[in-house]
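Next comes just one chain, in structure tokens: the form predicted on its own.
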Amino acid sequence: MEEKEIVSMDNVIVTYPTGTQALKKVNIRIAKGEFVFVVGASGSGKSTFIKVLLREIAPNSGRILINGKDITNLKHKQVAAYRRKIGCVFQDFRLLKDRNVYENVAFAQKVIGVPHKLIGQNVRRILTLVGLGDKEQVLPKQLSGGEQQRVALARALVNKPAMLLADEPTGNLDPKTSMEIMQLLEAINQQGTTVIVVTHDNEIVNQMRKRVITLKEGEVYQDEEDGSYAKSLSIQNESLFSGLARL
């Protein structure tokens, strides 16, 4: 029977050596093909959420299933193999500065052992998809921020991952370019890839009208279909004011 959920987090707890509990019994289900925003204030647990999905850190307790497979206690070699099946883009792009656009994207294919004769057609296909078909020989430093993020997206997508994690993907971009990147993510999602975006950009969240999971002090504070960050902030403020009124 095929798994309908691509992410299943059950009572996930993450406590750092400092004693800070970054995630507190988090339960989240994300279906295949969903587009989800994860939002929250600084210190809410957003970064830790991404890190446990990437298995940069393991939870202290609880269980995480990705596509029905338990990744909670993967060994080092298994983690490397697991990450190759997930697409991920970051705020700082993380491109290889001494490699051109083509080589940056081709690198992801070489890592998983794709035959050389197939790499060329795969890279050109994905560069065309992200609108950079004419930039193959250009170095990252010669590109705008938006173009660099498109290269990062192409690299994340060239191996056809079922899930794409985007950690503050528009953090270094202007509003117009940010919206272009989000529209590209939406197009990728419409082709079947599950997209999870961690962001603090409430303007984008409000415009996109997707599912919004709000984290607060390590807990799932709110989970709304077709939600908005502004709405969740409003609810938090109402809770604050009602609490003050009782004092």
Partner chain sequence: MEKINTLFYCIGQGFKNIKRNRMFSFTSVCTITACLFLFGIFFSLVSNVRYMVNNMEKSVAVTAFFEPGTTDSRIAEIGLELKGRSDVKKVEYISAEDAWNRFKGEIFEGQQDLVDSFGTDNPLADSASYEIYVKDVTKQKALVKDLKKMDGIRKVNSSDETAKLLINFNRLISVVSIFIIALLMAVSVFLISTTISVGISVRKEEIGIMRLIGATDFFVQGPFIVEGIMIGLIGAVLPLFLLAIIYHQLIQWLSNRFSILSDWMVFMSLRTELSVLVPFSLALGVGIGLLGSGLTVKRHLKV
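Positions refer to the first chain, counted from 1. The model shown is predicted, which means the values in this text are computed figures rather than measured ones.
Although not depicted, the form predicted in complex with the partner chain is the subject of the following passage.
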property	result
4.5 Å heavy atom contact, K75 to the partner chain in the model of the complex	no
Contact of P175 with the partner chain in the model of the complex (heavy atom, 4.5 Å)	no
R150: touches the partner chain in the model of the complex, heavy atom cutoff 4.5 angstroms	no
Contact label in the model of the complex: D70 to the partner chain, heavy atom within 4.5 Å	no
Candidate from A31, L65, M179, L54 lying within 4.5 Å of the partner chain in the model of the complex - any heavy atom	L54
The partner chain in the model of the complex: contacting segment from 138 to 146, 87 to 95, 166 to 174, 120 to 128, heavy atom within 4.5 Å	87 to 95
Residues in 98 to 119 close to the partner chain in the model of the complex, defined by a heavy atom within 4.5 Å, in order	D98, R99, F107, A108, K110, V111, I112, G113, V114, P115
